[in-house]
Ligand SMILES: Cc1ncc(COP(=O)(O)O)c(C=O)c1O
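Okay, here we've got a single chain as structure tokens, the form predicted alone, with questions on binding and movement later.
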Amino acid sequence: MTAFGGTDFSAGAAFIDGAYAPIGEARIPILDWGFLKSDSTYDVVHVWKGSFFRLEDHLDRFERSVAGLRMTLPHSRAEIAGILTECVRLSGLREAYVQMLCTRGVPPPGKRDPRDCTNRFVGFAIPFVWIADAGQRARGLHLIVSSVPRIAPESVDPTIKNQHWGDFVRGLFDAYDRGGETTVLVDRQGNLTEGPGFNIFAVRGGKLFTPARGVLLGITRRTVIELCEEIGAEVEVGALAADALGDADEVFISSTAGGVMPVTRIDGRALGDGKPGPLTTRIHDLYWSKKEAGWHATPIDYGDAARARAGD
């Protein structure tokens, strides 16, 4: 238990409206447009072995997303980094899923003009969240190419991390109905975009391919591209037709919530020998070994939190 002054933060800690609270007690007003209209943006950074991974990159993207939605953060960048750190410190978590959000806020009574809202910042830390469980990561995921089209980027800019998951949720149920474990959506032209919380890579002839349009520019996606540069593997960022997955030697997904995760079945059919491929495995192993060595790490000083736990 991680308790401070009788308050238990062991399940996670949140910051909202200037105060910290256990994650199970954190609330936003029901009239906040972030809840009513999905009018919000967010970013997720993870903590591994007591350090943030690529914190500055996530803060950069968060600030761009907030500006893209014409919102204003009520805290400075340094203050936000401090709030996220304190959420982790209070929880005592060494592996954590840490989210920062900016919502449109509550409009004045009788008003519907978003310019009249005071934007709200929320931050929280909870135990690390995996897209795929240990068994799925070991054997590879069964991916379904959904018949549900991705929301057009002309309508909702996917490079701004957003809460418009209606298409993703429909796609997930489509995948479950077809015996799959997760899904990737296509655009109106039949090109792959992304899945719920991840980017996708295909490997063919030792070369990697990943979609350029209709996707969030994932931090883990960027990390994979950097790792490929390090090992001399070529990456093509461009249009990737959905039917190209059937001809791929390997497929994997990338996400803050799990890093590099293999896909070994597409629409019910095994890829290759049905096992994670050699290049996927190499990138996966390099990703985790470099993280273990402190690559892009921002260590957290747990301070009083560590001493409090020792006394519990």
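Numbers for residues come from their place in the sequence shown, where the first is 1. Note that the structure is predicted; figures quoted are calculated from it, not measured.
Unshown form predicted in complex with the ligand; subsequent notes refer to it.
For a residue to qualify, one of its non-hydrogen atoms must sit within 4.5 Å of the ligand in the predicted complex; none of Arg139, Thr182 and Arg265 qualifies. Contact annotation for Pro107: none of its heavy atoms lies within 4.5 Å of the ligand in the predicted complex. In the predicted complex, none of the heavy atoms of Arg54 sits within 4.5 Å of a heavy atom of the ligand. None of the heavy atoms of Tyr176 is located within 4.5 Å of the ligand in the predicted complex. Taking non-hydrogen atoms only, Ser146 never approaches the ligand to within 4.5 angstroms in the predicted complex. Stretch 197-205 is the contacting one of 81-89, 107-115, 197-205, 229-237, since its residues have non-hydrogen atoms within 4.5 Å of the ligand in the predicted complex. Leu216 is the sole member of Ala132, Leu216, Val98, Cys102 with a non-hydrogen atom lying within 4.5 angstroms of the ligand in the predicted complex.
Contact with the ligand in the predicted complex, defined as a heavy atom within 4.5 Å, holds for exactly one of Thr280, Ser65, Thr256, Ser40, namely Thr256.
Residues are counted as partner-facing when one of their heavy atoms sits within 4.5 Å of the ligand in the predicted complex; in 46-68 these are His58, Arg61, in sequence order.
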